[in-house]
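Shown here is one chain on its own, the form predicted on its own, set out as structure tokens.
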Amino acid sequence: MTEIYLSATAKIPASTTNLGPGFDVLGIGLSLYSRVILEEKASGTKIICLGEDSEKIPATPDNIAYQAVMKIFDHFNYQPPGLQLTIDNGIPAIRGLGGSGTAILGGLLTANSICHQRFGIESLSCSEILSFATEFEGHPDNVAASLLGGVVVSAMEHSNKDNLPSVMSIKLLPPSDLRLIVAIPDFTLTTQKARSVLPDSVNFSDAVFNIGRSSLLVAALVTDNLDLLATAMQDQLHQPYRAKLIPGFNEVFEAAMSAGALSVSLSGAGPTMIAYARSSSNTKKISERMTYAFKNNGLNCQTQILSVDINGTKVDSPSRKSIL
């Protein structure tokens, strides 16, 4: 008897979120990628972690990509005889670049693709995948930006009919010459720790401040008024508190601005900081100044000059392997 085993591969872009004032709402897909490969096997379970910071990623059933795979298989009542899951990570881990979101999406989408191919059932929609991913993450900003690409604005309701978060996301396209100079210091900062320093409540005036800035930011990005970013990316809700966790935050900010950046913000919960500039700017100079400022505060960092990924996650059609 011939057994047919399927495989699927997802390529998922990193993301940066908050963008200053858009806390848990705004995100951008980045031209930095991880791949997740899911393969059916005759028996057993094997999880392989490769690439950037692979030693920080568990190769056990605790792996969040594996948990996402099993969530989809449970949804479709499918129990494969065996699995091999490979995470080829291209995104520095626990640095505020959406690495966990890419793993979740990779697991969800490859499992969804295999179930579609094996049973001929309709694939879960983009909206349904986003709901599953948000259930894992707790907020939609990272996963929406990685799934859809571009600039994404998201709002979440508590649950839909399947007891999953209901997420509304709109994708926007920023100016094509927008560049993001990403400075990744050599230490990790968990989202849990970064959230622990935030206050339980905020002043009404601070809330109004952030509503105005985040609205202006979206308008600036879609109308190519990037000179407004210095004002539009100001924040009162989270960066003033999280900055204390990042040695040299203020110095890195000022170094990037003095070198010609349009604005600077934390990437997600940090510790990565991102400067925004047009491609015609001296992005290399901005990168060098940010590196030097971190070094003056006792931290090595790697920098990358990225563009906005506008395509989002891509999934290859499952391949078939016949075994007698």
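Residues carry their position along the shown sequence, with the first being 1. Bear in mind the structure is a predicted one, so any value in this text is a computation, not a measurement.
The form predicted in complex with ligand HSE exists for this protein as well; it is not shown, and the discussion that follows is about that form.
Ligand HSE is not drawn, but in the model of the complex it has a heavy atom within 4.5 Å of Gly268.
Ligand HSE is not drawn, but in the model of the complex it has a heavy atom within 4.5 Å of His139. Contact annotation for Arg242: at least one heavy atom lies within 4.5 Å of ligand HSE in the model of the complex. Although the partner is absent here, Thr191 sits close enough that one of its heavy atoms falls within 4.5 Å of ligand HSE in the model of the complex. Of the stretches 54-62, 252-260, 282-290, 22-30, only 22-30 has residues with a heavy atom within 4.5 Å of ligand HSE in the model of the complex.
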